[in-house]
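First comes one chain, alone, set out as structure tokens in the form predicted on its own.
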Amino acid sequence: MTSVWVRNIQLSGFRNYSKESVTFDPGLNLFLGHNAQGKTNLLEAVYVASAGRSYRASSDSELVQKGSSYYRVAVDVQRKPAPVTLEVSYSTDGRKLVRLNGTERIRAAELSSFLNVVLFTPDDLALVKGSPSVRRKFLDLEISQVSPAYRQLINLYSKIVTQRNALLKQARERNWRSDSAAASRLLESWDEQLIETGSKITARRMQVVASLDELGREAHYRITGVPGALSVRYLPSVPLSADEQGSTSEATVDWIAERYRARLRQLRKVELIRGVTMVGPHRDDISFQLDGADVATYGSQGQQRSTVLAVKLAEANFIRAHTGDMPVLLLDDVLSELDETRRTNLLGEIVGDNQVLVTSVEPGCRDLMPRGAAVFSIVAGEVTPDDASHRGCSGKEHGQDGIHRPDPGDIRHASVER
């Protein structure tokens, strides 16, 4: 039985949803509809209930429906030892509330303690092809979902770098030399704070990337069904020789701190000239390779997409290993980007004792769903249970037999209220 899942979501004034209440199945839920009808908005609302913010909007005001003065997202989450209700609301006068069980005010960062999600979208190719900042953000969000202490560490580090950059900029404007006593005195304190905090972040990231490497390799093979070893590697901004430490994934905080300290001394003059901090986890990266070849440079779009899916599944399994619960999986129009074999393999991976919300513009995706899946139609911000007996052009017409759970049941009847 699914241990954590969203039983119901209530929306008011959110994107194109005026007022909607949808009850989900604890297993697989498919949402069908043409483009711009609200499929992505629904998944975005679930994400907001987990993270307290949108993954695609830069501000809460963008989420408010035109003509409305506020939005409200509330989800009923089934979990042990007791179910909870999570609520995020925002009014156009700038007030934002995050509440637990209708009364207790909590911080947005606390939402993931009650509901974790892993999101798949076509835009996730940026994880492979985008800038290093995209990959750092992915890694930090993943770790933060299972470690509030890491979240605090990242926030502290950001403040340290901001202050240190301001000091370096001031030093550049005053034309201080690297051997200036004034520069050394002012930077010394910030150097130690950066070293202490940054080394902890790097050590934790390296441990997590080592887990993603192992979990991602296994998931990649199961999704693609073809040979080709996926590897995920952490690329720190300081030289961390595996020969010195044995394995960089096992690097100690003190060992990393010494490398940071030495690198800061080496780059002191350059930092004063440029006016920016050039050492630390804010300059690290992650690489993805297939059989030793960089996926971003040499991989086909299909290989890049399979890499992202494998890493996302690795993320979900990482969260389960640390929390004991599989996160809710949100797949936004991902199936249409895959060939039939990868569709089948991916669904086989995600169908199990966890909740999955899938969107698609293709009616034929019904035939890929296992027995027991809940199917909905979305039209202009209105969600209705779909007639599961209807079949469109589908994988079965191309020889697909669909995916079936080991212990299939009857089609469950999800509901929608307005």
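Predicted, not measured: the structure shown is a model, and the values here were computed from it. Numbering starts at 1 and runs along the sequence shown.
Another form exists, predicted together with a small molecule; not displayed. Remarks below refer to it.
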query	finding
Contact flag, residue 40 vs the small molecule in the predicted bound form, heavy atom cut 4.5 Å	yes
Partner proximity in the predicted bound form: residue 58 to the small molecule, non-hydrogen atom cutoff 4.5 Å	no
Residue contact check: residue 21 to the small molecule in the predicted bound form, 4.5 Å heavy atom	no
Proximity of residue 12 to the small molecule in the predicted bound form, heavy atoms at 4.5 Å	no
Heavy atom contact within 4.5 Å of the small molecule in the predicted bound form, the stretch among 346-354, 58-66, 22-30, 369-377	58-66
